[in-house]
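Below you will find one chain, with nothing else, as structure tokens; this is the form predicted alone, and questions on how it binds or moves follow later.
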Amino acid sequence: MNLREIIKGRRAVRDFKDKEIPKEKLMAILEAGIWAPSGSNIQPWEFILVTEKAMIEKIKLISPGLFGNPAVIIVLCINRERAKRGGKLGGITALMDISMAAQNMMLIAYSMGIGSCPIVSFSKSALKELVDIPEHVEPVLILSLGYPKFWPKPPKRRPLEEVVHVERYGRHFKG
């Protein structure tokens, strides 16, 4: 697949096969995360890889958005000590950095036939306790990963002519 096909093909997957993800594929997914852009190269991320089924089940209890039985979850966190280096905008920049890291991870996962779903509905305090996250680190996103039982169909997208404005708002792009 080329990059355009990967971008267009990636979907949120919530129904997984009972199949482990090989370690080398997990390493490639995690490595894609650290190669995301980062404001001032602060790299404020911390990733917690969870592969133990018992721990995944515990995390599901405090994560209403975590569906199915993923083989793996990755908790993406902001290290607030590192984010402080970004000054007043450090927090918002760190959130964008985490988002780009997550996108990298989801795209490479899809390129390897692995489904993913980003999840923001979870109890931060309970998750911090479950996986021993220190005070200066904030969990902001969970990625569930696994081999999909099926690939969902893509939803319709707003056309470029509606979304893109040229030079000024209201001057719509004409493809």
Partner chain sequence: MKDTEDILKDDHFKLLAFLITSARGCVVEPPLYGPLRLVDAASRLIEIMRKEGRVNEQIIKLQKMIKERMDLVMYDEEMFIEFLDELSKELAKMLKSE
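Positions refer to the first chain, counted from 1. Remember, predicted model here, so these are calculated numbers, not experimental data.
Just so it is clear, the following notes concern the form predicted in complex with its partner chain, a form of the same protein that is not shown.
- Using a 4.5 Å heavy atom cutoff, 58, 65 and 155 all lie near its partner chain in the predicted complex.
- At least one heavy atom of residue 121 is located within 4.5 Å of its partner chain in the predicted complex.
- Within 4.5 Å of some heavy atom of its partner chain in the predicted complex lies at least one heavy atom of residue 14.
- Only one of 121-129, 105-113, 27-35, 45-53 lies within 4.5 Å of its partner chain in the predicted complex by heavy atoms, and it is 121-129.
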